[in-house]
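We begin with a single chain expressed as structure tokens, specifically the form predicted alone.
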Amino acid sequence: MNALEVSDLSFAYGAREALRKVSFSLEPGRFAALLGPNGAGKSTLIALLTRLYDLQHGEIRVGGCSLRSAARPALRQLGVVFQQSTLDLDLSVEQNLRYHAALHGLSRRQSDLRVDAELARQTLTERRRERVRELNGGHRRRVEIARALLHEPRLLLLDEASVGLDPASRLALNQHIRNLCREERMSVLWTTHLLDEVQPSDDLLILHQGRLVASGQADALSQRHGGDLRSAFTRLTSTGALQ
């Protein structure tokens, strides 16, 4: 069963079409990069996947569960790290995690186990009592990842998660997520507009003006559309590419 299936997805803000007949799937344990220039529709897609927006046309299934007809079991399989932080800066790292665990209905015992495990995995155990506002950007992202993984989702969505980080922290975060994907057989959808965050073996989805203009393994797409990723991306997202 695919971790994610998106079928014939369209969405409009009034007369402005943000997504048009987008379809793709993501297999278990795969790292997929969703690449596109600003305004391509990436944030709209994430809003639909997380049910911040209601579906207008098309279907989304998470672990086989429809977001339209079985939203609760679908969302239980989903972990999310948004571009803008949603942590409470005045709470400690542990308090942020425990609040999220309670929202997911974890018992006190389950919460103790899951919080300890995720803090250890994110190398945050010694910082559990610190207020979030005292952490740097990279550590705050790790807290958000720990929070997103507390309920053991099948699919992790990261929307421009590296925005605002310095190059070293950005690289470390990208590699950390890949390690999680490999070790836990968890599927990852990583949205970005930065080409250097994509590796040749990644599944790659390229959005342009609301349409999915290319999908497949990154190195194969690069060869097919230009010889390297930058050339392929430029060609696929150039003015007139959809004409």
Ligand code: ADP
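All values reported here derive from a predicted model rather than from experimental measurement. Residue indices: 1-based, along the sequence shown.
Quick note: we don't show the form predicted in complex with the named molecule, though the next part is all about it.
- Here the marked residues Y99, R129 and R142 all miss the named molecule in the model of the complex; none has a heavy atom within 4.5 angstroms.
- With the partner omitted here, the stretch from 171-179, 213-221, 37-45, 198-206 that lies within 4.5 Å of the named molecule by heavy atoms in the model of the complex is 37-45.
- Checked against the named molecule in the model of the complex, the residues Q83, T86, Q110, Q95 give one hit for a heavy atom within 4.5 Å, which is Q83.
- The named molecule in the model of the complex is not approached by L229, whose heavy atoms all lie more than 4.5 angstroms from it.
- Although the partner is absent here, V22 is not a contact residue: none of its heavy atoms lies within 4.5 angstroms of the named molecule in the model of the complex.
- Residues from 6-26 that approach the named molecule in the model of the complex with a non-hydrogen atom closer than or equal to 4.5 Å are Y13, R16, A18, in the order they occur in the chain.
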